[in-house]
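Before any questions on binding or motion, here is one chain by itself as structure tokens, the form predicted on its own.
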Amino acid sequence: MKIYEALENKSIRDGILRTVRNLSYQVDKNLQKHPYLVEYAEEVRNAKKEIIANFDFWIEKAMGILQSKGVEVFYANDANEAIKVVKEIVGSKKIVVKAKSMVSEEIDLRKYLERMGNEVWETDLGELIIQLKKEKPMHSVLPALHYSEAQVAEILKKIGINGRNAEELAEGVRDFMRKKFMSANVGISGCNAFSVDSGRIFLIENEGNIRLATSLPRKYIALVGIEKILQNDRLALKSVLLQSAFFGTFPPTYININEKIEQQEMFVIFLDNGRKSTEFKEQLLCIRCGRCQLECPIFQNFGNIWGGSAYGGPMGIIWTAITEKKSELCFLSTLCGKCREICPMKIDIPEMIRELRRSIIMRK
């Protein structure tokens, strides 16, 4: 069973604990230096609660503003509908460049596009490593945190990249990716926050790959989980700043604000996939900072193996129940409550895990 294999994998624990040491104190430092972030979190939480309570109204409004700007807009009830739309837009025998996107992992998009004969590349360095290893991301923000520099050097040899250190490896990936960006037919991204007021897609990154993947190809597809919808640009910007600050990398290196541009076809797919009907509505407040994963004692031992096909960790257990199925892996949780205490949205994950356990027991 994979969960036992993960427990024996020392590189997972070493990578997670190394990341915790590097980033956890930065979160406290961010909040001490920028105390207004706490106020931002409360404001974004309240705004998201309003969206979730009135999904139909805000989704219709979001689709309307995009259509008025010449964007082709789709609503996907589930993963199959989303995949079908993307496949129709992309076609076959195309070069596709992807920004790091957990919602694309959720629907296993890359696999379906490759089956149609497309050449698909993850453009985030960590995601590229995971793609070459044929694994799922170990963390929602740092997908390859469990690999050492030496291990990454061996992995990248699969695409002809050689280097003696991290700098040389990154330079090799940069050169490799530039060729893909320039020849790509389609760019795909997720969405960190969507502004209904302007129809803009907000994305944060630290490598500069997203702006190339979404601006150079003639076709651009944005996958938007409906929980990412916010009322206006101000709230969307605050949301992405919070995601960065509570992960420990503040301010973000790049903030991209995407909208329809001339000479590019733009497509936006709003994805439900269990979000509107879930009993775990509170989880939809999540801004995916990933801090609850790093701080969780169970995640520190099992990594993202503790979860579903895409999402792992404490928040991942609930996201899996929303988008995939209720997993008995929820019984591994210690219910220590640390995830609740450090969450910027104050999501009560332990209580939802208790409810998940009750529903699984009752089902039996």
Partner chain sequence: MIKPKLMLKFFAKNVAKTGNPLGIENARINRWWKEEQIKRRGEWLFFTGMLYQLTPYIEPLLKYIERLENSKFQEVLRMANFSRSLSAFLLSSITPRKSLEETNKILSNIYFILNSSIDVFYIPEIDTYSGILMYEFGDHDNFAMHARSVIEKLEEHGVRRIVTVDPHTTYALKNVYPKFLEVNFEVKSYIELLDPKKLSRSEEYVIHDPCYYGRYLQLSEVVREKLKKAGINYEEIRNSGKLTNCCGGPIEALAPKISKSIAEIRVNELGRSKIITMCPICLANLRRVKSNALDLSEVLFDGS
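Here the structure is a predicted model, which is why all the values come from computation and not from measurement. Positions refer to the first chain, counted from 1.
Another form, the form predicted in complex with the partner chain, is not on view; read the next lines as being about it.
Among heavy atoms of residue 63, none comes within 4.5 Å of the partner chain in the predicted bound form. Among heavy atoms of residue 57, none comes within 4.5 Å of the partner chain in the predicted bound form. Residue 291 belongs to the set of residues with a heavy atom inside 4.5 Å of the partner chain in the predicted bound form. Looking at residue 333, you'd find a heavy atom of it within 4.5 angstroms of the partner chain in the predicted bound form. Contact check at 4.5 Å (heavy atoms) against the partner chain in the predicted bound form: all three of 300, 340 and 358 pass. Heavy atoms within 4.5 Å of the partner chain in the predicted bound form map, among the stretches 318-326, 300-308, 65-73, 34-42, onto 300-308 alone.
Looking at 18-49, the residues that come within 4.5 Å of the partner chain in the predicted bound form, counting any heavy atom, are 24, 28.
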